[in-house]
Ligand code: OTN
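The form predicted alone is given below as one chain in structure tokens.
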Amino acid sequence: MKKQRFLFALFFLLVSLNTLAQAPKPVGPTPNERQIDWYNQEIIAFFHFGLNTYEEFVNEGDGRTTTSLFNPTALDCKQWARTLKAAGIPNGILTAKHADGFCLWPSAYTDYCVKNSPWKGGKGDVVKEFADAFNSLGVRASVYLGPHDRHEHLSPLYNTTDYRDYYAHQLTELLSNYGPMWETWWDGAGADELTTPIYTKWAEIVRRLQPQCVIFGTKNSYRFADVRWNGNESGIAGDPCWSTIDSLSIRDEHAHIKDLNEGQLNGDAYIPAESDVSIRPSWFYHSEEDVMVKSVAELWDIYCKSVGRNSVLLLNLPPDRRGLIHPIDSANVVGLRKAIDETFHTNLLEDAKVTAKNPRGGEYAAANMIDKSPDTYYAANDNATTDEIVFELNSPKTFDCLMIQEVIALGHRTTGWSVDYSNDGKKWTVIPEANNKQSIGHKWILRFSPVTAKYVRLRITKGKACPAIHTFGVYKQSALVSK
């Protein structure tokens, strides 16, 4: 009897120890709370709107255009916000001042702004209408205040010290008077003269007035950046695309486009990539491009190569001269959301039996990868940087897409992985597009020719630490985008 009680006690002790398995320790640079929140948004909208909208074939104004040109006839920022809600986009960034220097709010520090336009008799404020509309409909508002200002450069008295203070005043206006701002965008185009000490003053303003605000930085502002440019304007992130990067190597973006696009596995700073692209050929609206709007299939391809490559997609939806998002643009971006939702609605592995070669045990079970919970994940034991996880389905399923997510709060861990399929669990065939991949990060999506299988195997072939996988699934692409 004593022996029996001892065995029971030992059994419950082992079960208890297994249940209390310690969480994996983070490895390398890890994201801050702003960056995790930013990643979870996945798609952010850009709104390029200003004097360039009213000029023919102009996307980069020279700062000389008269303010009298700006006169939207039916500005409705609630229409913008409704478009984003329908498209499942939680955040929008307005170009409050683009490189031409024209300001969409009545700034106290310049006459080159809406107060000297005919719109609303000079009493209008686009930033206020934008922020109020977005906040009222539960969509986040963010702001682009272009560091480079061609209008200010026209003055013979221009110097960087005075401009530093001028910009600081305008940044303070925007971050003090319009409610929460979730991202500020520091474009590097033309801003080579703006040195790190100048950005130091501006960054202090952002952190003091809007501590939750993500800073998009380039060139001399990278020291303060939460997110980086991905090196192109096509919305295509690198393969691999690491969230980490060497903070010294990204100061000259033109010399290190590959580093910006792919990041660096052993980089010393966690500055993930934001992938910007316009739904049209131009950044500002031009009516001749109404027949050149990217289709749902094109947007899906970009989504899979941005969000699906450990990046966030920044998609430009330029308002037209009325001040509205064009119906073609709206329809296509809403179509993208439908394609995303239809594709990822059902993980074909959701009822599979899951076994792992190197399980950690306890609450870090392999089945967590298919449980749909945002709070659970699978982790291997600390002695394993490789692993094999097999998903056995009840019956063969056909799929042409896969998605995998790492636990980004624990840093980049897996650095090599492949996916195979089988119908007997013995003879395996690798999916060519999923062979010898490297980064995972927040989300990695791969598409391929349809495969029918009863078994799917995820092989972690290399890593910096034990794998920590939040989600793994296989899917059938929406008919909206599948060939």
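Residue positions are given as counts along the sequence shown, with the first one as 1. Predicted model, so just to flag it, every value in this text is computed and none were measured.
Missing here is the form predicted in complex with the named molecule; even so, the following discussion is about that form.
- Contact annotation for Leu265: none of its heavy atoms lies within 4.5 Å of the named molecule in the predicted bound form.
- A residue is said to contact a partner when one of its heavy atoms sits within 4.5 Å of a partner heavy atom; Asp320 fails this definition for the named molecule in the predicted bound form, lying far away.
- Contact check for Gly188: a heavy atom falls within 4.5 Å of the named molecule in the predicted bound form.
- Residue contact with the named molecule in the predicted bound form: His286 places no heavy atom within 4.5 Å of it.
- Contact annotation: the named molecule lies within 4.5 Å of heavy atoms from the stretch 179 to 187 in the predicted bound form, the single such stretch among 326 to 334, 179 to 187, 85 to 93, 380 to 388.
- Put simply, of Thr218, Thr244, Asn347, Gln170 only one has a heavy atom within 4.5 Å of the named molecule in the predicted bound form, and it is Thr218.
- Taking Glu152, Asp351, Glu233, Asp165 one by one, only a single residue has any non-hydrogen atom within 4.5 Å of the named molecule in the predicted bound form, and it is Glu233.
- Annotation for 276 to 294: the only interface residue with the named molecule in the predicted bound form is Asp276 [heavy atom within 4.5 Å].
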